[in-house]
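Just one chain is shown here, as structure tokens, and it is the form predicted on its own.
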Amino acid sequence: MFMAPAVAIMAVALIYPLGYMIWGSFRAWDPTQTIGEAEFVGLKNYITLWSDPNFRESLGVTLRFAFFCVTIEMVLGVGLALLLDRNIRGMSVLRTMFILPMMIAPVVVGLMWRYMYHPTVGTFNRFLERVGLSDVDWLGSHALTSVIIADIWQWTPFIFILALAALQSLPRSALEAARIDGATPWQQIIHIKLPLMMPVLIVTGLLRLIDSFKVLEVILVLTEGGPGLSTEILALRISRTATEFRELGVAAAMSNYLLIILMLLTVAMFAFTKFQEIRAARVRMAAEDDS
């Protein structure tokens, strides 16, 4: 009975729409029809997508975008947290400044970076001209790299906040013991801090990985998926398929493919976390047996 309200909300807000999307993916559905009027085509939408080079290209762009964004954001975010985990004057102000990009709306972020990437009046090309270098076609031949840079700028603070919180919650006794044993700061990071932070870092990386597969507004404002399909990730492809091509059934099938990918990533990440916990428990048991 205590769970009933939560179950009801989940059923209305999640389970029913998800079931509706799955059912629609088996039909030749367009906006002029209700889902019951659409012709049932079975797995045709799913099979057709795998023979569609545009879908495969969008999937490849999505995987590259997610990999580079999450990897670089994790390195920068954890590095900043390790750097700023100390008591010096003005540190609270500096920490606040680091998290400001995360508070800006994605559409505004897209507009900001679009103006900075402008080929003639943009900040980056004007700087390159002043130092005697040639202009760069940021949103042309380097479009995907430019989008990745914008995403890193906005979401590295998310990693930084959670990594810093994990650092500040570490048991001080372990760090003090390492210092007494003569461990250098680098050894403390490698052998004490990072292993103890790992559960938080794994969940943080998973959250960013899931979110990176669903980025839409920044890419839409910056490049609209172009040039060609070089920055068209799956979320944008799904939106275009539903609104421009008016193929709701195909868009639903694409959404289900994206859902399956995210579920597999989530299961793999949690399995890795469980493996780490079992390994840590075995190490502790071995240490207790030796003592």
Partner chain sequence: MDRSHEKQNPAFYAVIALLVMMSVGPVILMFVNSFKLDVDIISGTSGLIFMPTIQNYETALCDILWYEPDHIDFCSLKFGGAFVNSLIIALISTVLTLVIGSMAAYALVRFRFFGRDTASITTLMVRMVPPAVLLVPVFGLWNNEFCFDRDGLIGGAIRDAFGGRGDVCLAGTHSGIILIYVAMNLPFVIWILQSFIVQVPRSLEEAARVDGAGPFQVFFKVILPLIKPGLAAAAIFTFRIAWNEYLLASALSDRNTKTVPILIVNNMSEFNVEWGVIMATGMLLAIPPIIFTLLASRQIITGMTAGAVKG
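Residue numbers count along the first chain shown, from 1. The model shown is predicted, which means the values in this text are computed figures rather than measured ones. Superpose the two forms; the largest set of C-alphas matching within 1.5 Å is the rigid core.
The discussion below concerns the form predicted together with its partner chain, not included here.
For the candidate set 184, 123, 71, 145, a heavy atom within 4.5 Å of its partner chain in the model of the complex is found for exactly one residue, namely 123.
Interface residue among 219, 197, 150, 162 relative to its partner chain in the model of the complex, by the heavy atom within 4.5 Å criterion: 162. With a 4.5 Å cutoff on heavy atoms, residue 214 counts as touching its partner chain in the model of the complex.
In the model of the complex, no heavy atom of residue 131 sits within 4.5 Å of its partner chain. Contact check for residue 141: no non-hydrogen atom falls within 4.5 Å of its partner chain in the model of the complex.
Among heavy atoms of residue 54, none comes within 4.5 Å of its partner chain in the model of the complex. Proximity of 67, 170 and 282 to its partner chain in the model of the complex is absent: no residue of the three has a non-hydrogen atom within 4.5 angstroms. Contacts to its partner chain in the model of the complex (heavy atom within 4.5 Å) from stretch 9 to 26: 9, 10, 12, 13, 14, 16, 17, 18, 20, 21. For residue 96, a C-alpha deviation of 2 angstroms or more is recorded between the shown form and the other one after rigid-core alignment.
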